[in-house]
Structure formats: C-alpha cells, structure tokens
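Take a look at this single chain in structure tokens; it is the form predicted alone.
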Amino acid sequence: MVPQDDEDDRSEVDLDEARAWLEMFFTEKPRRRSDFETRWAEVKTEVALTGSYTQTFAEIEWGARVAWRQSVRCIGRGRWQSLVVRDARHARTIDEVAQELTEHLRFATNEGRIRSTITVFRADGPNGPRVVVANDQLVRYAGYSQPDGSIVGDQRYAGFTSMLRDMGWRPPAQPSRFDVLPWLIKTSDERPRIVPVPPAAVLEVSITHPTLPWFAELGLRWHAVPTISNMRLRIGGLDYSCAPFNGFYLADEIATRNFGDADRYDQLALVGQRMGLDTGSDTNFWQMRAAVELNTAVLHSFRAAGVRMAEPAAESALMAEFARREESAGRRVFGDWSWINGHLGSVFGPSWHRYYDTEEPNPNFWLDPARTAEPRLP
C-alpha cells in the first residue's frame, strides 16, 4: 500500500520535471506507451487537486538508482543497479524514524557483507522537510574539546558534539576517541530529539597492520558502513530530505581522509615517526609513505574482519567500465573529475585519463548549502 500524505499538506510540483522523469522511467523500464499516458494523467490530476503527488515504489526505486548513476562525485557507480531501496514513508514519529535507521544499519551491514542500501522517508511538504536527521552520516565519532584547546576524537565533529551536549546528551563516563554520536532527529510534527544509536547496530573494525606490529598500539578503529544522511534525494519534482544511503568504504576514505587529514584524526605524522621517517623533511615523501601504510593497515584489517571494502585501483577500473557502458547505452557520463580521482594512487587508474560531463541532472542527490559546513538541522 502506498502511503498517502495529509491532504492539507501541499506543495507545488514542477510538472515539466515530473513528466521528464516519467518519460525516463517508462523508457528505461519499458512498458506500453498507454501505461505512460495513464500514469501521467494520474500525476496531473493529483497535482491539480493537492499540489503534489505520491510516487509509486517502483518510481522511487528506479529514481534512487538513477540518482546514484548520475551522482558526479561517486567512483563506485558501476553498481548502481544493485542498490536496495527501502520504503520508510510510513514513518511519522521520531521513534519510528529511529527504528528505520537502526534497521537500515542492520540490513546494510549484513555481518560485514555490506549491501548498498537507501531508506527513503516522506517527501518534503510546502513548509520544508517532514523528516530530517541532522547527522551527516548515521555513524560518526564525537570530538571533545579540551581546556588546552586540543580535541579528543574526531576534530571535525567537536562543534556538533558540543551542541548535542548542550541539548542534554551525556557522553560515556570515560570518553574515548571513538564514541558514537547519537542521532538528532526532527519531524514536521515533533521537536528535535536526541536518540542513542543502538550499539548492536554498529559494526566496528580495529586497525592492525600485516607487517608492522606496533600499528595496533595506535588504538585506531572505524565503523563498517558509511551511511550518508544529510543529502536530499530529488526525483520527478519531489524532494526527499531524509533518504540515508550507503555503499561500502574505499580504503582511502578511512585511511587518508578520516585518519590522515589534519582536521580529523591527524595520524600521518605519528605513523611517519613510528616508521622512522624524518617528518620535517620535504625530500623523503614521508606523508605519502605514511599514507600508504595507513591504507595498507585499513584494507588488511577490514578484509581480515570479513568486512567488504574497495581498493582504489579496482574502483578506477570499475569507473572506466561504467563509463563505457553508459556511452554504449547512449547516455552521457556525468562526473566531477577531482572527486573521482581524489584517492591515493589515482594516477595509476584508467579513470584518471579522461574527463566527464560536469552537469548534474535530476534524479540526483543534493547537499543543501545550510548543511555543508557541519551537521545541523535546516
């Protein structure tokens, strides 16, 4: 049964965009032309009566997959047709939303055999989003500001951590560098509320190295599923501001970015020093050498733990094959070259050697300006 929105909760839909989407849907999922005309008449009638329309599950499912296919910053889009789409439009309360988020993590984690998954909540109304998760990912670690100005944990989320504490969240009695932050959720019917993430829903991997025993002494670990929760999914003129989705990690995302970036865990210099490198030199490539060992440790640890993870060169080859298939199908290949080739060793992959169409058409995922700096509620 397709969930219905409140009759008096209306928004205006761009009929041209709605029709263009339905044309794409009926072309790519071949049906009789008369089926398109029937569906288009239904949409026009519903928009005339209510200002909006309710998409079928089939429309949302294909729309979410196309949004991934057209997402310019993702190198792993060769798997776009495998995206599992979960319909959570029935969720009305914060407790129901939290239950669906928990189920998303459980389903996507799949005991380490990560499944690419999206959970779609209610479409936005005339007054904006009906469901919002402030967190930019469903699993993030706290950052605790210290009196001396240093930060314990993930530096990027120190501000968000402070805001949550001001709202009443209490961290563990003995805070650590890897405390999972709670969700901050609001709906159109309820004020924002903090909801703890069930520990059983979060699979984590301790980081060791295959040949450097001291790596375990760094005490690093990371969660298994990168579920983005602050991007707006747009399909056929409708916005879904809460549609958390995940693929699986590229080793470089954790090792070079999360562990290596100066505004995150800032581990490059420490690893370089433990390797015996002169981190004050500008002639020995110590940053790259340390990053290689961080990547080696992360990839080794995830695979040893049975958690699915991608390796950059293989993903570059997959991206090249994806581009070939898209062009063979008569479609343009959209991409942001700097993101697709932003991983360590990108020059060795085939995706380095071509450019892409920089347009970003709908269906797509959008990061609204108000949510780009740090997690917050719009």
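Since we're looking at a predicted model, the values are computed, not measured. Numbers for residues come from their place in the sequence shown, where the first is 1.
Below: the form predicted in complex with a small molecule, not depicted.
Stretch in contact in the predicted bound form with the small molecule, which is absent here, among 275 to 283, 200 to 208, 299 to 307, 246 to 254 (heavy atoms within 4.5 Å): This holds for exactly one stretch, 246 to 254.
Interface membership of Ala216, the small molecule in the predicted bound form, 4.5 Å heavy atom rule: No.
Heavy atom of Gln137 within 4.5 Å of the small molecule in the predicted bound form: Because a heavy atom of Gln137 falls inside 4.5 Å of the small molecule in the predicted bound form, the answer is yes.
Partner proximity in the predicted bound form: Ser71 to the small molecule, non-hydrogen atom cutoff 4.5 Å: Because no heavy atom of Ser71 falls inside 4.5 Å of the small molecule in the predicted bound form, the answer is no.
Contact of Leu212 with the small molecule in the predicted bound form (heavy atom, 4.5 Å): It does not: once the small molecule is placed as it appears in the predicted bound form, Leu212 has no heavy atom within 4.5 Å of it.
Partner-contacting position among Asn230, Thr187, Asn258, Gln267 - heavy atom within 4.5 Å of the small molecule in the predicted bound form: It is Asn258 that has a heavy atom within 4.5 Å of the partner.
Listed residue that, although the small molecule is not shown, lies within 4.5 Å of it in the predicted bound form (heavy atoms), from Gly78, Pro226, Pro129, Gly237: Contact check passes for Pro226.
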